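One chain comes next, on its own, written as structure tokens: the form predicted alone.
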Amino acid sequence: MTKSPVNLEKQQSIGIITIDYPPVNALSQSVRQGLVDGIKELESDDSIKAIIIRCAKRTFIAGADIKEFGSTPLEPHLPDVVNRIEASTKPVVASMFGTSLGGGFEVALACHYRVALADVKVGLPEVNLGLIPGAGGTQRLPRIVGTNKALEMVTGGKHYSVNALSEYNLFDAVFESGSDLDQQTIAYVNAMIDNGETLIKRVGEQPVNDTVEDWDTAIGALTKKSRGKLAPVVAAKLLKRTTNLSIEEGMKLEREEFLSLRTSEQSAALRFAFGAERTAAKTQFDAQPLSVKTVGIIGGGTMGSGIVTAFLSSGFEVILIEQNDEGLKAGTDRINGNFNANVKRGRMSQTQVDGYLAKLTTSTDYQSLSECDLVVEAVFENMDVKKTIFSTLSQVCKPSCILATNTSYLDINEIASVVERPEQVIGMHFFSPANIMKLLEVVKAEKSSEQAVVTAMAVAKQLKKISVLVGVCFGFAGNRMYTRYGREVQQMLLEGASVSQVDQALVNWGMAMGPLAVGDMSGIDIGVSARRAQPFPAFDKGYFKPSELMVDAGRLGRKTKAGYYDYSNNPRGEADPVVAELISEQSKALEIKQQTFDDETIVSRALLALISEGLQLLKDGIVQRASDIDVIWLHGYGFPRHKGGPMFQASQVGKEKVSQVLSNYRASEGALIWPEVDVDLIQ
């Protein structure tokens, strides 16, 4: 017989409803039903004077049950559950600990009292799934904290600590972290009963506390900030509409908007992304990861110092290797700069930073790495240099040490060929800035052991990064696709599109930055150098010619104050007629036919290039799943989350249309540029 996830007990005049539904006490149908039944039973017991809703194990109700995502909701629906709790004729107390989000927080808001440990975090993150709270969150929260704070919480989707909400009457009692919450809650409720203070405080019966000074201005600013995301704007407009409505009227409108958003493409994309991220780190390997405590990092440049910062911030002992003392000083200065920026922004305390930096050792002697569990090489992209480093590592590191390269493009099989234990060699491709970007491509080379791979992915989890397993090819998954995307962008420049037109079209569509502005930020010469190390594709006469022109003209991007844009007078960059002239002259020399571009054509062509290359990656076995490609693009390249990712977009466009458009491009530009792909790989 299946154990019920909701249990009742009575301690004298207190009725206790305990939710025990591992791992996070999510609001499954059985939990929802148990809450309704529990309130009904305890309410009818004359000996019970007050009711406590508590949870076992890790946390108070964390939110909706992920297992029910995408399925038809079963009764009782959550709005009915929270309304039933609030309607209880006996006071209901939420006993909160851990992280209570979404529906879990809505349950707490419906209770008449809320008590919590001091380290509790709460929030309404539904906008992150393209939704709004659907069980009274938009209606009860502003009655407690006011519409201004509710607007921030509902549209931002962030988690809030007890301290961050201390000025509001959200919690009736806060207990010291680590104390016995059950004991404290029972004592609190007994005191209520003994003192005759069992007043039923229904939040829904209170008026909305409208603290927003100018709703139109607030909604306008939010609309601009949301950059095409529907849910935050819908939530804001709903809050405005319901300021003078009853809880019943407000919840009715809330539910209508919730159900409408639930069927939207944006919500589907965001829910897809949520699931894809949780799938990405899964492999079929049975090997157990090695314990990694001490990590060596070779290279203290921008990338290496970012990697060091990431490891130190996660509690690892780190040894930084550079060629000389001057290099070590520059590297440690960069690391200190990374940490100082976090202190300035309030993300870390100076005490925390001092503790992290105490675990950093620097050296110019590779022998210092002899006891490392993992070494990550992060020097510039030169095969000979990397092979020399790995040959040395093979001699000085212990046999169990994992040897990782942070190369963005180079052949890891060739790098591994110089070591005695090639099974220990893998790629760990961090994205810049490495201490901030969440993506990590774990690259399995031909001879990489399963244990090396799962160790790298376990380390990624410790670093709080999202890891994706990929295979060896030029650029692996992300940069290989970015090269194909970039090729199409560059070709459109040669065919008559302007730099600002291309960038703006893609930003308007939702990309975090235009690809040409990204090139200026990262350095145009980096990509040019990587491509020059490869054979030139003779069949593609315009292949990355605009970027070649920029580098040959000394326009490397922001670092030279000139790239695709001019930065001499504006740090954000301005269009430069010199660039347009250079590209125009090149187009004429190559006899490339000119055309007029609109935003839709630019976006479609760039997106189809990504989809085409993504299908090739799947066919070649470089990635395990189509969804892994989407995770890479969401977290490595600023693809709009509410669009799901390039392969999700392919599924939305549909196999037939993708096939037709690709066939049209193939007919005009040839199969070497637009090869035959298997559209049946589109899910």
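We call the rigid core the largest set of C-alpha positions that still match within 1.5 Å between the two forms. For every residue, the number given is its place in the sequence shown, counted from 1. This is a predicted model, so every value here is computed, not measured.
Not pictured, yet referred to below: the form predicted in complex with a small molecule.
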property: Options 57 to 65, 643 to 651, 625 to 633, 41 to 49; stretch whose heavy atom lies within 4.5 Å of the small molecule in the model of the complex; result: 57 to 65
property: Interface residue in the model of the complex among G304, G103, G478, G557, criterion: non-hydrogen atom within 4.5 angstroms of the small molecule; result: G103
property: The small molecule: the contacting residue among V661, I673, I16, V24 in the model of the complex [heavy atom, 4.5 Å]; result: V24
property: Exercise: V154 in contact with the small molecule in the model of the complex, heavy atom 4.5 Å; result: no
property: Interface membership of F311, the small molecule in the model of the complex, 4.5 Å heavy atom rule; result: no
property: The small molecule contact at F285 in the model of the complex, heavy atom, 4.5 Å; result: no
property: Proximity of G299 to the small molecule in the model of the complex, heavy atoms at 4.5 Å; result: no
property: V24 C-alpha moves between the shown form and the other one by 2 Å or more, core aligned; result: yes
property: Core superposition between the shown form and the other one, C-alpha change of G510 at least 2 Å; result: no
property: Did F97 shift 2 Å or more between the shown form and the other one, C-alpha, core superposed; result: yes
